[in-house]
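In the structure tokens that follow, a single protein chain appears in two forms: structure 1, then structure 2.
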Structure 1
Amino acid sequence: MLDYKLLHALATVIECGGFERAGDALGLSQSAVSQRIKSLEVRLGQPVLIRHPELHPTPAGQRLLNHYQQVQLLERDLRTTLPTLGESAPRLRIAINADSLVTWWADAVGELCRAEGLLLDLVVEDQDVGLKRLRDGDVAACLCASPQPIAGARCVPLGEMAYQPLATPDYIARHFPHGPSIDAFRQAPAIVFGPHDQLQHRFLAQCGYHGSFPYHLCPSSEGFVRLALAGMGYGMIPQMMQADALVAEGRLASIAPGESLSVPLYWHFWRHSGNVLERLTRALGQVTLK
């Protein structure tokens, strides 16, 4: 039988990114946390963590984490039907892309979280790589751009988010005086959310450009828009954000009028993870993206 105290230590080490922070979260010393991981590895007969060059679970550790996530959700459902087991606030760890978080997510899940006392542990991750978090057992669900389900999980399409390539009129006059062109794309500074963000590359490929380009890295949706408003570059800004209002006010404009990029979003979650994820999935199914 599995010792869930040991699995809890493993999950906390991964969530916190280290033994010392995990000890703080669990109220244990770093050595006590290390001993629990060692006990788990002895019982399993193989390592559950790779410690260098960066901390991440082994394949066996990933399977244990996936199992632990599902058990936590099932226990939450059991406490609902058997209150004498004791109540604790349920917490759901989810990987989500930043643009969804600052636009439609809160409206979609707010009522459910309030009604059920559900606490969310949101891990902001690019929509192209969030699925790795689920595969690694780090989260119970994720919102990402991949339609390919992983073994043991379900995949539900939610719709598409539309992005426009926006910059200030002055920036466009400087860098795109004759409209979009290969030379302009090669030289004009762009704004990219993070090293894994492929929106800019997809847009440029859609326009026929596949080369390199200068760019700012800005891992903040709000900061992203502020850099664009400061005339520092052009970026792919969600239509659901304040883009429409900023364009209507004349503060931003498209560098390629009529061009946009649509990104599909998919909700992935572990099968047999309990009713709360099913209810959350139904709530997300009511969202209308554009």
Structure 2
Amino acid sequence: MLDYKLLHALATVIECGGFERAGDALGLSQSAVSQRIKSLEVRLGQPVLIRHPELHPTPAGQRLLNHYQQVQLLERDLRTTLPTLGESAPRLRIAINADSLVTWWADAVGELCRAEGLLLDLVVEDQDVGLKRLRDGDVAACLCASPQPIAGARCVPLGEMAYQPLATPDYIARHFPHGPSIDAFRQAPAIVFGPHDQLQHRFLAQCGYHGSFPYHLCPSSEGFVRLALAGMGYGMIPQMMQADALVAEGRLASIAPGESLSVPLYWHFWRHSGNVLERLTRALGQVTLK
């Protein structure tokens, strides 16, 4: 059996952002906290924390924290049946695509989190890579575009998010005066979320264009819309992200009216992480995407 006192010290150091604060929280001296981290590292044969330039867990430390969290989730269920055990509030680590996080996510899970005192540790991942985090045991659940099931996990489809290629009317007049064309696609600056984001490539392939094109990289959903609104490029913007309102106000328009892309979303989670994940899954089942 692992010594959970040591894991608790590790989690507290990360949570509090330092050894001294962790000591205060645990009612221990700073050196007692250091000693616990050291014991963990000796047992593991490798470091669990990187101290400089800023405090963060090593990959091994992250695995330990994730395991600690899963054990806490199981304890949470136990406490439901044995309420005299007292209360705790573990954080549930979830990988999520940025566009869901800035649109429907909080409304879907807010009520459950409030009612159960559930805390989330959200990790933003491109929709095509979050699943790897789940497979690696780095998160307890993952919301992503891949339907591929992984051993030991369940996969629940949630629907699809629709994306349209939007830009300012000025931008369209400058770069697409004659509508979409191979020449225009080759020269018009686009906005791409990140190096793993294939939405823009998929959209261009759908329009019959397979070459290279100039683009900004902007790994923030809201920042992405801001760049589009400033006339810096066109980008695939989710309909749920005020796109309809921005189009209705005349601030954005489609560079290729009628063209859109749908991205399916799937919820993957470990089967044995406890009932709270089942309840979260039920809450997500109520969502209507578009």
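Reference numbering: structure 1, starting with residue 1. Note that the rigid core is defined as the largest set of C-alphas that superpose within 1.5 Å between two forms. In this text, all values refer to a predicted model and were calculated from it rather than measured experimentally.
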| property | result |
| --- | --- |
| Answer for which single form is the form predicted together with another copy of the chain | 2 |
| Displaced residue check between structures 1 and 2: Q70, CA, 2 Å or over, core reference | yes |
| Core-aligned CA displacement of I14 at least 2 Å between structures 1 and 2 | yes |
| Core-superposed C-alpha of A60 shifting 2 Å or more between structures 1 and 2 | yes |
| Distance moved by the L28 C-alpha between structures 1 and 2 (core-aligned, Å) | 11.2 |
